[in-house]
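Okay, so here's just one chain, in structure tokens, the form predicted alone.
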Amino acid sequence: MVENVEDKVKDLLKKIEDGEVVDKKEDIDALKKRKLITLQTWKAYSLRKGPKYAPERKKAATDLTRDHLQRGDWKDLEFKEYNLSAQGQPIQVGYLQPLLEVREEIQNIFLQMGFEEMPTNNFVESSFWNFDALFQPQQHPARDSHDTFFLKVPAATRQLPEDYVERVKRVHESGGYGSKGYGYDWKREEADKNLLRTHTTAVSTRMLYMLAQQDAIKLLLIHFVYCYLMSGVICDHGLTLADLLGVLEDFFTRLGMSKLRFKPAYNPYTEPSMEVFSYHEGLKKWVEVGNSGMFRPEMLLPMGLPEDVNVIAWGLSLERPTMILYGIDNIRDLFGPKVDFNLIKNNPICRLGLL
């Protein structure tokens, strides 16, 4: 016979009824399983007047206006606190196109290398300075009207240095300075034709001729043309092809393009001539980024420059270096009517190597 029976369930329910705490999880689970208890959550709040209690809600003012001063209620205004860490609205400003960014970077690099810019505002040029002075024959395909824009008014120039013109004519027809020339009848009317300058080397020719008349030798110049072409020349005693390679490698390294190749080429006014290639990571191939060479004696000596003075020169494109530096593999994504404006707006400024 059992004298006393211990009813744990009854004892637990009694404790709960008396407000005592039942903290053992197994006891609570047992009561829940038998559906003798139901858990409930009670929330209590305590309200009291705070330091900024007001019977009426007032909207904080953000600015002190003229009306407030006139009405005199500015004394009772409560101003909204300024959040000095909040960001303002984006400023609507213009954005530089990648071509312009790279153009400015190229210009700054050459200026840091000691170059000066040539005057390039003479967009209308005579065929003499654009072709003949560069030892380019008058039957050259580049002079065809399909490749060159000739002017109707004024159709011809009247300002050419006659003594220099005569020396250029003689070199074209019968040669000189170690050259056989081209062996054709050089025509003055072809040289007088006005055109839209096809390259900035015409500017270099003028500057070199002026240099020869001033008995000056050293020249470091760069210039740009409206069709995104950059040219440069160096004139000094004893310059060699190694100097040209060194200048180009120095420039492209500063620009951030260290993978370079040089390929022999032909230009009427340079010998030797080299095309400059750089590796495009996106296209996975080498692309041409410029042309270069040493000006021929047939071009320099008729100007009056000494025989021991050489000129190294180059012409570089702007689109292809920009495509390489920005990782663009389609030139239509760089400029034109189909360019994505987000490319210009969101693309950060491309830092182009160490200067």
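In case it trips you up, residue 1 is the first one in the sequence shown, and so on. Given the structure is predicted, the values throughout are model-derived calculations rather than measurements.
FYI, the form predicted together with phenylalanine isn't displayed, but the following is about it.
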Review point. Can all three of Tyr269, Phe295 and Gly315 be found with a heavy atom no more than 4.5 Å from phenylalanine in the predicted complex?
Key: yes
Point to revise | Arg103, Arg167, Arg143, His199 - the one with a heavy atom within 4.5 Å of phenylalanine in the predicted complex | key: His199
**Study point:** Answer range among 110 to 118, 159 to 167, 199 to 207, 235 to 243 for contact with phenylalanine, defined in the predicted complex as heavy atoms within 4.5 Å
**Key:** 199 to 207
Check your understanding: Does phenylalanine get within 4.5 angstroms of any non-hydrogen atom of Asn310 in the predicted complex?
Key -> no
